[in-house]
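Shown next as structure tokens: one chain only, the form predicted alone.
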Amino acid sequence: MADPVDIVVFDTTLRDGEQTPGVGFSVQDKVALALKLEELNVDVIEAGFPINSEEEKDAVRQISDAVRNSQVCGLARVVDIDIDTAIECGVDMVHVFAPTSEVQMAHAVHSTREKIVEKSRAAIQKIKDAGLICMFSPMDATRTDPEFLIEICKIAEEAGADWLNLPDTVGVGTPQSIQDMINRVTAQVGTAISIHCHNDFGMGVANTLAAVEAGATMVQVSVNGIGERAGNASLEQTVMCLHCLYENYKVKAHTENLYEVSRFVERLTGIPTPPPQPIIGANAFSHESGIHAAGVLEESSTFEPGIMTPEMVGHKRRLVIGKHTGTHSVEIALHEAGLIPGKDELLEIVKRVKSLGGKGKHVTQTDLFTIAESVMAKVPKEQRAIELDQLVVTTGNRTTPTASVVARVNGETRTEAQLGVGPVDAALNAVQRILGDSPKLEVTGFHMDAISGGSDAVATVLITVEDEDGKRSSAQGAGEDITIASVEALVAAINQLLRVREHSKEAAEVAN
């Protein structure tokens, strides 16, 4: 068998990804994300469009200075000032593009085929004269006249382009049409091919993989699939497909960093990742069904791909309590918290959990423990690690929201004050900080619903906290004051999580 073909991963989160409606990265955010992408070991980081603004130019320059192990790329039109600005930023590669479809030439740049060819040739030669890697993109390639696409690709090759990128700019390609396009180009042009697919019809990843099968050796992707309109081909999905489903291709990306990078982008953009999202969604390796949960506990490949494990992408496997939960999952969750019900008690607990889930309610750990303690003949006394004594919040249109908290932590009275972007954020920050640095806990979920009408509506807040080991706990708070309800939910979630951690520690000590 021939050696696997190396597929170059070209990340465009900082450029095309930032074009997501409503998303904008600060210079500091862009540099921080570039360093995360370097740790992920992507081959090329498209740092931005330097001519766009002074801030963008500064960000691309700083990324070029900071990144050492990945190539840094800057985007440019077939215009001298664009190319000069990218070169000034110290990039390794300049990605130069020109519209080639009739609709874009006529209405986006008001140009002709002849002018596009002339400008493209000059732009490529300018980049090569500067000693840099050049990528040329005939923009809207999938809607470009096939004969003209071949013509301009030949011109780009003759001018010295190192890469030809074929963009499905508006996401209208299909796997078959993408392969046909690449086959036509590679039959007459020898330059290495890159593919850039948008996701307007949900086929961004499928089209990207089809391009690889047809001979493309570079994939242009973005973290979490963000980008214009419906986004781009997802980095994590594309990488894991190539890593797990194909024996004849390989990527260098450190897949165990995927979940961390995804979460980082989620925080920067404020765009929540849907739970069912492949690879990095909260449900990607979660199991509620009793049959599924029992199967994966014995052999993970029963109801997971097997060739991809949560550890491979830095994720965690979780058993979720709900309507479809089996007895074994409930028993494990209770044992982790030090609750050991008898056989009949366990069956009653499972019955009540299923009933609660069947009413459409999200069953939290607090719900489970409350049900268990009410069912069990002997209710174990809960040792609360944190008990709230006092909460004071100040806010205003000219005042930075501040919260001060007084609480007993393991019997010791502590006081903490923190700032926030709003009163709820400040209060949650203060509660988290009052625990100190150990254990390291993070709020990974916050959801609020008003359950009555009017300005004095009662709100329910659901908060999820997670520790560094991936253990999670969720709890609800309710009340007319959203800040107090949020703090009560957080305190309850922390207490539940700390109880689980303590029991796990005790179990490990007994085992040793």
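Numbers for residues come from their place in the sequence shown, where the first is 1. The shown structure was predicted, so the numbers you read here are calculated from the model rather than taken from an experiment.
Missing here is the form predicted together with a small molecule; even so, the following discussion is about that form.
- The shortest heavy atom separation between residue 97 and the small molecule in the predicted complex is within 4.5 Å.
- Using a 4.5 angstroms threshold between heavy atoms, residue 488 stays clear of the small molecule in the predicted complex.
- For the chain shown alone, residue 199 is not a contact residue for the small molecule in the predicted complex, no non-hydrogen atom being within 4.5 angstroms.
- The small molecule is not shown here, and in the predicted complex it never comes within 4.5 Å of any heavy atom of residue 237.
- Contact with the small molecule in the predicted complex, defined as any heavy atom within 4.5 Å, is confined among 430 to 438, 132 to 140, 322 to 330, 401 to 409 to 132 to 140.
- Between the options 424, 226, 91, 75, the residue in contact with the small molecule in the predicted complex by a heavy atom within 4.5 angstroms is 75.
- For the residues 169, 207, 101, 194, the 4.5 Å heavy atom test against the small molecule in the predicted complex is passed only by 169.
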